[in-house]
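Form predicted on its own, single chain, as structure tokens, below.
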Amino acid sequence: MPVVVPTTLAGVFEALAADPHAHLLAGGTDFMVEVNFGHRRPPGVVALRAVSELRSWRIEGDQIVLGSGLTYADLASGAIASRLPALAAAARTVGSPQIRNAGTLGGNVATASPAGDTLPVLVALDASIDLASAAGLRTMGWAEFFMGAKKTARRPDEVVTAVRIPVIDSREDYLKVGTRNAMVISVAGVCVCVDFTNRRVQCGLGSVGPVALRAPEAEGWVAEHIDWNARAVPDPRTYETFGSMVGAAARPIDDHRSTAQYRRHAVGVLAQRALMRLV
């Protein structure tokens, strides 16, 4: 099959125009698994690894803009990690060092696996997604973009170029459960963000639904039980109730990695623990 390796976004758009059926390849950590098992047979490939403009990040107004080509290793330490600690925590749980140096943020977003480790963080932080094509740029909120298990609103001629995350005064954490300590696909994952700017709690859930979910009832309830001036929880029973409400918001299934019952329980425990760490 033909493999094109552009060095600019303009080159990517030209390659897609020349072969509209070509598949985009970022880090390949999901893509190549599907190829090796015979689940994907791309007629052509447009590789994004050499597009340097996707590997940068910046502060733009009140947003942190992360290029889609940033790897998990890029996210896991340094200036990005200090600004987005939950995203860094999620990145550090992904695979092996080799996988973390190959897999990308944009690949995780575009694949839209229910078990994608960065997705609960992006959902909790109200991220939006930049999509570029030869026709121009459009930005979509996460709720519009993620449409189902491995299904997004990205058009065939579009490339995920960046993820935008609002800059807020917050504390945030990411926790996950897997079948072993390392190199494991998430059985359940949670990101909790305590937003002191807007006095609200935001909670993203992973591996417990067809897409990463929020728990709006739990978020609204717990926000009323935090002493925002003291940045404390006056009643310790709040943590357990919050965890139970988060578990109730999950939409898990039984599969080869876990039962739905265990996933619902685990996601509630993780949410409770995360909130206790943060407040």
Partner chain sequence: MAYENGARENVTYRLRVNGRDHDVAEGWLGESLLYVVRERLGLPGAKNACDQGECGSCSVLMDASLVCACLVLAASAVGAEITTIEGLSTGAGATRGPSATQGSGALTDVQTAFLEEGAVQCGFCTPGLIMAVHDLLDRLPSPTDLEVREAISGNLCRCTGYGRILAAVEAVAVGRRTVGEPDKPAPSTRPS
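Because the structure is a prediction, the values reported are computed rather than measured. Numbering follows the first chain given and starts at 1.
Omitted here: the form predicted in complex with its partner chain. The next part is about that form.
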query	finding
One residue of 61, 236, 43, 216 in contact with its partner chain, assessed in the model of the complex (non-hydrogen atom, 4.5 angstroms)	43
Contacting member of 67, 252, 247, 27, with respect to its partner chain in the model of the complex [4.5 Å, heavy atom]	27
Any non-hydrogen atom of residue 183 within 4.5 angstroms of its partner chain in the model of the complex	yes
Heavy atom of residue 223 within 4.5 Å of its partner chain in the model of the complex	no
Heavy atom of residue 78 within 4.5 Å of its partner chain in the model of the complex	no
Partner proximity in the model of the complex: residue 102 to its partner chain, non-hydrogen atom cutoff 4.5 Å	yes
Joint contact, 131, 137 and 165 to its partner chain in the model of the complex, by non-hydrogen atom at 4.5 Å	no
Answer range among 44 to 52, 237 to 245, 206 to 214, 223 to 231 for contact with its partner chain, defined in the model of the complex as heavy atoms within 4.5 Å	44 to 52
Residues of stretch 190 to 208 in contact with its partner chain in the model of the complex (4.5 Å, non-hydrogen atom)	none
